[in-house]
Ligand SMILES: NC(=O)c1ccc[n+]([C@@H]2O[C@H](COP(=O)([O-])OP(=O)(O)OC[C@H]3O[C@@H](n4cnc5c(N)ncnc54)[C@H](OP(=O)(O)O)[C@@H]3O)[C@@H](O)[C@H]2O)c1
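As a starting point, one isolated chain is supplied in structure tokens, in the form predicted on its own.
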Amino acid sequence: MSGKNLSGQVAIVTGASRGIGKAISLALAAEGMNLALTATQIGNLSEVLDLVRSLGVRAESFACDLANWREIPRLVNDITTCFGSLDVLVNNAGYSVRASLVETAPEDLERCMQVNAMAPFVLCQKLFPFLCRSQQATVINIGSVVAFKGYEQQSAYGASKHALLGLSKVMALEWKKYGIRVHSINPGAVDTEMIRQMRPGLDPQGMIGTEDIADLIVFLLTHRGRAVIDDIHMRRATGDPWY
């Protein structure tokens, strides 16, 4: 199957300033997609914004603290007013805390749930009318192995990623009739600042690269045929198969 042309389509990437979000943004820009990039602070996006624009596409940056769902309607209004349309939403922004269950502060659990589950929920809800107008509408939720597997000192993070996976399943069912595809990507350890904080003993050389996630997203978007991939489990090549 030949790859579909993504040139001129519009994508939103949350948490775009670094790590997985930065890699996704650059990969989509290389395919000719115009991008709305979000991060908590607008200044954090300056580097990736310049890199994306150097690839010849339109890109704009938008600040929003996704831990406060009340800011999301304003963010959606700013983006949709700026671009006028939307084809792809990548819910990538994430927050994690390393602590045992009994040591996890309620505010840390709340922030994990807000950023990792509540924000994608509200973003999808508010962007639904715009996705309905696209012939290639796609939502990609960046989950985690912890949506399937328990890890010590990751109770809040694990709970939030379980919630995101549940949201993805329901959304895929409800939005199928509108032609909106929903994919959940659930990687193991990816070489980012977050994983170095959560699992400091892992060797970065054996981790999944951020570009591996980005390449997979490009594949999902360019190979939109009669088969649909609902969720993808990715593991470190050095890890055990079939997590």
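Residue numbers run from 1 along the displayed sequence. All of these numbers come straight from a predicted model, not from anything done at the bench.
One more form of this protein, predicted together with this ligand, exists but is not displayed; see below.
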Item checked: Contact label in the predicted complex: Val90 to this ligand, heavy atom within 4.5 Å -> no
Notebook entry, point to check: Should Gly158 be counted as a contact of this ligand in the predicted complex, where contact means heavy atoms within 4.5 Å?
Noted result: no
Next item on the list: Please check if Val115 has a heavy atom lying within 4.5 Å of any heavy atom of this ligand in the predicted complex.
Entry: yes
Note to self: Under a 4.5 Å heavy atom criterion, is Ser46 part of the interface with this ligand in the predicted complex?
What the structure shows: no
Next item on the list: Look at the candidate spot formed by Ala39, Ile142 and Ile195 and say whether this ligand comes within 4.5 Å of a heavy atom in all three of them in the predicted complex.
Entry: yes
Next item on the list: Counting non-hydrogen atoms within 4.5 angstroms of this ligand in the predicted complex, say which of Cys64, Ala214, Val182, Met33 makes the cut.
Entry: Cys64
Next item on the list: Could you tell me which stretch in 143-151, 166-174, 98-106, 79-87 has residues with non-hydrogen atoms within 4.5 Å of this ligand in the predicted complex?
Entry: 143-151
Check: Which residues in 175-192 have a heavy atom within 4.5 Å of this ligand in the predicted complex?
Finding: Pro187, Gly188, Ala189, Val190, Thr192
